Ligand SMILES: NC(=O)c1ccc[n+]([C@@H]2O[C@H](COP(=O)([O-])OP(=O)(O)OC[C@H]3O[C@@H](n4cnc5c(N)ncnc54)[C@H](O)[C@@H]3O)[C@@H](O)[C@H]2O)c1
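Before any questions on binding or motion, here is one chain by itself as structure tokens, the form predicted on its own.
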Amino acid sequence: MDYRLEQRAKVCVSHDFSKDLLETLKTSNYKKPLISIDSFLLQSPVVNKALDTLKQADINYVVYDEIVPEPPFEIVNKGAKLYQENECDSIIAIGGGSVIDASRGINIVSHCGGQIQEYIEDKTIDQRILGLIAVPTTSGTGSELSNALVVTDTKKQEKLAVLSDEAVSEYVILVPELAESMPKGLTISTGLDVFAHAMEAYTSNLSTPVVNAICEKIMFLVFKYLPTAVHHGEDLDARERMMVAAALGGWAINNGGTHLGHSIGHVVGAKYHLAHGNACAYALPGVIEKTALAEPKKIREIGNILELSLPNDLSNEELGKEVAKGFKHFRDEVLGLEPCKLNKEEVVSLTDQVVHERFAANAPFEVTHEIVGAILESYGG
């Protein structure tokens, strides 16, 4: 049997990070964590209180704060070397998706050897790797529950994925207070990434009825609470709902996958260094239109979630255009995502790369050069 729903991490929502982090370490008797963190978070009162609590409990830790967005191979391998040299026994990853992705890579290399680039195609992970405590500070990638990590080959300008159910987080701590100060633009970008995860897992050819139900709820949460998080970032209820939606999105794509929107996002995003959530959101209207031809019932349900008035007699093509239009209104007018101004000819030249990107095969329709080229023609609009 190919079972399509699995969740192996222990998750809690915390409003007392110091207490819950210490209890998590004690649960597994971890005594020397590597703290992998966005450097600016070392100024956070919430983080500093937690670090002070660890010191008072005689928990010795090592800080690694050199992770950058779109982490290259070298950053991951350097972190693994630091982990091994200091004989660490766990990793506390505090930050956005890049930090959590890199930390998962560090955990893999520290336990299984080699270098992270070897795990993209050649090396396999055949044992459960424990010790990763993921503490997201954004509400987007869902990396805390995802089985995928994305690293960058800086020489080829490619984003590449390592996939393994054995390397998912052992623990996840969701702390809404850590997202409270997220800038408006980052809140929009990461929130749209959550919607893209759910929309693509929902319409992927790997989806199942259980995954579908989870994805419908994720899209509902984003539609209902992301505008509040964007325009009233101090609203902890909205921040908490978006953190939960993001985590569920990471779980959903483990079981339902992503498809063409993420293929376009990976290729175009790597080429032009676009924020990942933006790169996927710019692709989504075109992907919605094409998906409506194969999955009209699901696209209509997405329209219902977006609170659109959709006549029953719409053709599948008309349905796709209406729902794509509704999503663009939510993206651009309600949230305020800035338009993407790229050279159309250059973008369209990436068609072949998109067609052969690994996740494109999950689309519920045949991904052809003609289809991808048409979507790239309207990319960002």
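These numbers were taken from a predicted model, which means no experiment stands behind them. Heads up: residue numbers just count along the shown sequence, starting at 1.
Not pictured, yet referred to below: the form predicted together with the ligand.
Stretch 183-191 is the contacting one of 183-191, 164-172, 203-211, 226-234, since its residues have non-hydrogen atoms within 4.5 Å of the ligand in the predicted complex. Taking the partner from elsewhere, His276 is found to have a heavy atom lying within 4.5 Å of the ligand in the predicted complex. The ligand in the predicted complex is approached by Pro69, whose closest heavy atom lies within 4.5 angstroms of it. By the criterion of a heavy atom within 4.5 Å, Ala196 is excluded from the residues contacting the ligand in the predicted complex. Taking the partner from elsewhere, Leu149 is found to have a heavy atom lying within 4.5 Å of the ligand in the predicted complex.
Residue Gly97 is the only one of Gly256, Gly286, Gly97, Gly105 with a heavy atom lying within 4.5 Å of the ligand in the predicted complex. Taking Ile116, Met219, Leu178, Ala292 one by one, only a single residue has any non-hydrogen atom within 4.5 Å of the ligand in the predicted complex, and it is Leu178.
Along 34-56, residues Asp38, Phe40, Leu41 each place a heavy atom within 4.5 Å of the ligand in the predicted complex.
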